[in-house]
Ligand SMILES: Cc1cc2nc3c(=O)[nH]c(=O)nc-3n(C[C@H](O)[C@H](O)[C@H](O)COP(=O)(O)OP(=O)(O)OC[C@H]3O[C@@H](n4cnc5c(N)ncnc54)[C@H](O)[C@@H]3O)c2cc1C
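For reference, the chain that follows is the form predicted on its own, supplied as C-alpha cells.
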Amino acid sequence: MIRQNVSLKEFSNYKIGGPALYFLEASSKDILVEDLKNWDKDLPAFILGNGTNILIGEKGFEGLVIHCTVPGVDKQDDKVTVGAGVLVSDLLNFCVENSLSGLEWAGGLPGSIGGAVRGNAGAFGGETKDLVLEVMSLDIKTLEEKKRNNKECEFGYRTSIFKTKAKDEIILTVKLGLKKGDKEAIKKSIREKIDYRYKKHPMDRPSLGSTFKNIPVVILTEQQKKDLMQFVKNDPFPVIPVAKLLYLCNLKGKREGDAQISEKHPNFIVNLGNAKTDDVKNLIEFAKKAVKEKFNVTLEEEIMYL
C-alpha cells in the first residue's frame, strides 16, 4: 500500500531527512506490480535500500520512494538466491551456519544485498561482483521483470548498470556463487573484518560509510602518480586511499554544525547528534576543495543524494 508523507529520517543510517510525499514498502514483486499498476509514471520515483549511503535532504522527496524489503535466502548446493532486502549481516550469518565461503570480506558491511549489488560494494580486496551469478529486477515504469547475468550487470568500481542505465529498475533477488568452506575459519575471518571496522571506523556515530571513492591509479596523470604513488594500496586494484589525502589536508575533526569529519577515519562524516543535510554538504565541498588545492585531485562521492 502506498502511504503519504512518510518521514525518511527513520530509513536513513544518518538519521537525517525529510518526508517522502509517497512511500511504498516493497516486500515482493507482486506487491510492487499491484501498487504500481495505476501509479502516475510522470511523477519522480526513487528506490531506497537500507539507507546506508544516501544523504537525504530535509525537504524530503516530492515523489514516490520505494523501500526494498524483499526477504529470503534459498540455498542450492554452493549457490544462494537472496532477497534484495536481506541485510548483508544476516546473509553472513547464513553463510557461517551453512559453511559457505566467499563473502568473508563483507564482515561489518552495512546495508542490504540489493544495495551492495547496485553499488558493487567492496572491502578488504573483495567486491560484490565477484560473487554475482544472476540478478532479477523489475522496471518500475514498465513493470517488466528482467534477468541479467554478471556481465550484463556492467559492474565497475562502486557501480553497476543499476546506477547508470537501469535506474528505474528495483533489484528483487540476487543469485550468488559461493563455495564450501570450514565453518570456524569463515566465522573467524568475518569477525576479524568486523573487529577491524570497530577499531578503525567511527562505528559509534551515525554515518554513511565512506564519503568518497578511493582514486584508481589508472586515472591519474603522470605527475599525480609521481606525487601519490607512495600511498598506493590494492583494493582490489591499485588505488590511492582518499582517507590518506584527507588526513594530509588536516581535515580530521573539521566540523560544520553537528556534522564532523571523523577524527578516527577522515573519509567518514559523522552525525554528532543533530546534523543537517547542508552541514554535511558543506563539509564535502570543503574537503573536495582542500584535496584539489593540495594534490590537484578531484574527489568523487561514494554516497548518493536524495
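A residue's number is simply how far along the shown sequence it sits, counting from 1. Everything numeric here is computed off the predicted structure, so don't read it as measured data.
There is another form of the same protein, the form predicted together with the named molecule; it is not shown, and what comes next is about it.
Taking the partner from elsewhere, Y247 is found to have every heavy atom lying beyond 4.5 Å of the named molecule in the predicted complex. By the criterion of a heavy atom within 4.5 Å, R158 is counted among the residues contacting the named molecule in the predicted complex.
The named molecule in the predicted complex comes within 4.5 Å of no heavy atom belonging to G181.
In the predicted complex, the named molecule stays beyond 4.5 Å of every heavy atom belonging to I2.
Only one listed stretch (188 to 196, 148 to 156, 91 to 99, 107 to 115) carries heavy atoms within 4.5 Å of the named molecule in the predicted complex, and that stretch is 107 to 115. Between the named molecule and the residues V65, I240, V280, I54, the one pair within 4.5 Å by heavy atoms in the predicted complex involves I54. Interface residue among L36, A275, L48, I261 relative to the named molecule in the predicted complex, by the heavy atom within 4.5 Å criterion: L48. Contacts with the named molecule in the predicted complex, taken as any heavy atom within 4.5 Å, map within 250 to 275 to F268 alone.
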